[in-house]
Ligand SMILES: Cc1cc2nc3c(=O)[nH]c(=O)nc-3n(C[C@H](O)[C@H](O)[C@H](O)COP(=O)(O)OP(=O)(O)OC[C@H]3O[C@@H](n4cnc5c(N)ncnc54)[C@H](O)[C@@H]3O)c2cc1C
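Next up is one chain by itself, shown in structure tokens, the form predicted alone.
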């Protein structure tokens, strides 16, 4: 990258989650004459750190402090409450900025593809997690939790999060930022059984040892497994995953010793169960499963079926990105078409929008570094207006943007509204957030 008559390199990053901030961090470390605008459709930054990470995982949310250091740099600006794709188009941005990076994550649930999926009581994990995390898109979800039995489909960390949050007591959640509207329903729910069901076996589970181990430490809930489903050893496991899978297996072996009478809520961790059909009329009454086995790495149905009665089904089988007009999208992969982050001249993607919903929060750091390197190799400062042009367009369209200073006012108000040990009482309504800034 070389300067042209002192002009800065203008970069717009769409999405203010981990991928977006790691990309901005890498760009500022490796280029001096650069100006970055980080755009988000919400007035609040940090993406899944705020709206996706479980409220009882405050230590993970603390990574936002790192992103704040990047946001505080003079050549970086947060622009919230700006919806790229409707308020302003990708084409608009490409006319204003030398490089545009799509870092808008994967906020949409993958569909189960089952008969009965449209019944009342079937909820995607993106909706449910957003609801208990005060995400404005899902604050009005209002699920019926006056029920005894819940089935969670999936064997990843999100499925484990959903099961754990449903099982925890008000006391266990006192020092979290669980949405107040969610706490009222969850902590008065008469739930007796939570079923955590996965198509494959224990060694194929995508959960991590920390999250799985937490299921054995719940005050009112006991984790149960069928000993017949738990292997004795790690035969066939990839050598790179021996440590992780070994820790998972140790947790599951401990759960074998538990009994259903120990605590009022039973958490049944089930494997080799593939959902076939969701039962009921307008409302869910149960879910039909087929027993499976793993053969040569593939999940194979055995032709044996069973039914679990329930009034709620939470689907946690994965996510996909939201297509944006002006950027080629791959519906099969659920992310933007790209070659290692490069979409086409001046247009890039990073994080889950680039590779699909895989990896941890930290996985986005090397991803951001790689895309930043591409941008600095392929882009040069030009006569484009950048931030000035964006502000002119925002003003012309009558839009109200939120800066990082505005977000800090929202954050302060949330912290001041917190009760007891809670770190904050999050707003779930955008208009309320904007009133705070006014």
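Quantities reported herein were computed from a predicted structural model and do not represent experimental measurements. Residue numbers count along the first chain shown, from 1.
There is also a form predicted together with the named molecule; it is not shown, and the following applies to it.
Peer 1: Here the chain is shown alone; which of 146, 360, 217, 325 has a heavy atom within 4.5 Å of the named molecule in the predicted bound form?
Peer 2: None of the other options qualify; the answer is 360.
Peer 1: Just to confirm, with a 4.5 Å cut-off on non-hydrogen atoms, which of 123, 173, 82, 203 contacts the named molecule in the predicted bound form?
Peer 2: Only one listed residue qualifies here, and that residue is 82.
Peer 1: The named molecule isn't shown here, but in the predicted bound form, which of 157-165, 281-289, 337-345, 188-196 has heavy atoms within 4.5 Å of it?
Peer 2: Flagged stretch: 157-165.
Peer 1: Is there a non-hydrogen atom of residue 52 within 4.5 angstroms of a non-hydrogen atom of the named molecule in the predicted bound form?
Peer 2: Result yes; residue 52 sits at the interface with the named molecule in the predicted bound form.
Peer 1: Would residue 134 count as touching the named molecule in the predicted bound form under a 4.5 Å heavy atom rule?
Peer 2: It does not: once the named molecule is placed as it appears in the predicted bound form, residue 134 has no heavy atom within 4.5 Å of it.
Peer 1: Given that the named molecule is not shown alongside this chain, does residue 319 nevertheless sit within 4.5 Å of it in the predicted bound form, heavy atom to heavy atom?
Peer 2: Yes - in the predicted bound form, heavy atoms of residue 319 and the named molecule come within 4.5 Å of each other.
Peer 1: Mark residue 48 yes when one of its heavy atoms lies within 4.5 Å of a heavy atom of the named molecule in the predicted bound form, and no otherwise.
Peer 2: Contact with the named molecule, yes.
Peer 1: Can you tell me which residues in 17-39 come within 4.5 angstroms of the named molecule in the predicted bound form, by heavy atoms?
Peer 2: Contacting residues: 17, 18, 19, 20, 39.
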